[in-house]
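Coming up is one lone chain in structure tokens, specifically the form predicted alone.
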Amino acid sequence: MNRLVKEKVFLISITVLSLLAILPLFHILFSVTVNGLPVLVKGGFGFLTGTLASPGDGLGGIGVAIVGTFVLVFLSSLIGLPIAVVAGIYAAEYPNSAIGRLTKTLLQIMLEFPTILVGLFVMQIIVVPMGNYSALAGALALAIVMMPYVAVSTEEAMKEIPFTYREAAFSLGLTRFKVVFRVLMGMARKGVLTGILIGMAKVAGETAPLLFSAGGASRVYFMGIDKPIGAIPLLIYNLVQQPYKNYHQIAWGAAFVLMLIFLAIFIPIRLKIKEVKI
């Protein structure tokens, strides 16, 4: 009897703690939806394509920021994903080498590294020499932020594959390159893709690095990688500091759109990719 009571107390405790852990997430989703959805409905399609309204003069649109976010995520993925995947593979395949241990240590450090310092670093090496903010600087800053998430997920996904599969592939006479990229990467694709999605979601919502690199734009669409560019998080950051009521409404609407972008990318792919049984 005493054992049954302890088991029920344990299960109830775990359930309550689990609910408390996910409660902040649902609170965020609820708050953003309640405050942002009416703004999107009121603004209509023009809210997604137009430019920022003047202070106290309606909603206008956040089209510039939406385009800027997609451009920055695309460019940062183009820069960061190949490097991150290769780094994760190297750390998994050569865990005992000096470079492998150093790579893993640096990746763990970068996961906790303040992103605002990344923005300052990129400002010194790109913004200052160029003399202006740019999409290139913003993309590089986001790529640096993205890489550790993708690399660590790739490493963990590769390490979960039993060594017997490597032995079987090598016994067929395959080179290490073919074993890794034709056999193991296919089996680890769910973990790798999850890391990519986490990395993309992370940089899509980043603000601090862009303050010192992208510069921001709210009324001019993308003009080139050497020009300042807007982004939804940067727009939200700037609007909430303004004293105008319509800017606060636009910020809520932009937050709702950002949440929709993340969910539209993450949920379908997570449902489509099946777990590989090994």
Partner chain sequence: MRARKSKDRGAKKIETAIETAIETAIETAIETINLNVYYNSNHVIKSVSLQIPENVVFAIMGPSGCGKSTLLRAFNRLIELQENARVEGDIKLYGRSVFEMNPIEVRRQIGTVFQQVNPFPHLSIYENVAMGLKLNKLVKSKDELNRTVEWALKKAALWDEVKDRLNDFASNLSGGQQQRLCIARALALKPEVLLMDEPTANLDPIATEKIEDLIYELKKEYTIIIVTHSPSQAARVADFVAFLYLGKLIEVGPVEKIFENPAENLTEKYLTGRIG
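Residue numbers count along the first chain shown, from 1. Since this is a predicted model, take the numbers as computed values, not measurements.
Same protein, other form: the form predicted together with its partner chain, not shown, and the subject of what follows.
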**Prompt:** Do Val183 and its partner chain come within 4.5 Å of each other in the model of the complex, heavy atoms counted?
**Reply:** yes
**Prompt:** With the partner left out of view, is Leu193 within 4.5 angstroms of its partner chain in the model of the complex by any non-hydrogen atom?
**Reply:** no
**Asked** Looking at the partner-bound form in the model of the complex, is Arg189 within 4.5 Å of its partner chain by any heavy atom?
**Response** yes
**Message:** Quick check on Leu111: any heavy atom within 4.5 Å of its partner chain in the model of the complex?
**Reply:** no
**Request:** Name the single residue among Ala169, Met123, Val152, Leu140 that comes within 4.5 Å of its partner chain in the model of the complex, judging by heavy atoms.
**Result:** Ala169
**Asked** Which of these stretches, 128-136, 152-160, 170-178, 73-81, has heavy atoms within 4.5 Å of its partner chain in the model of the complex?
**Response** 170-178
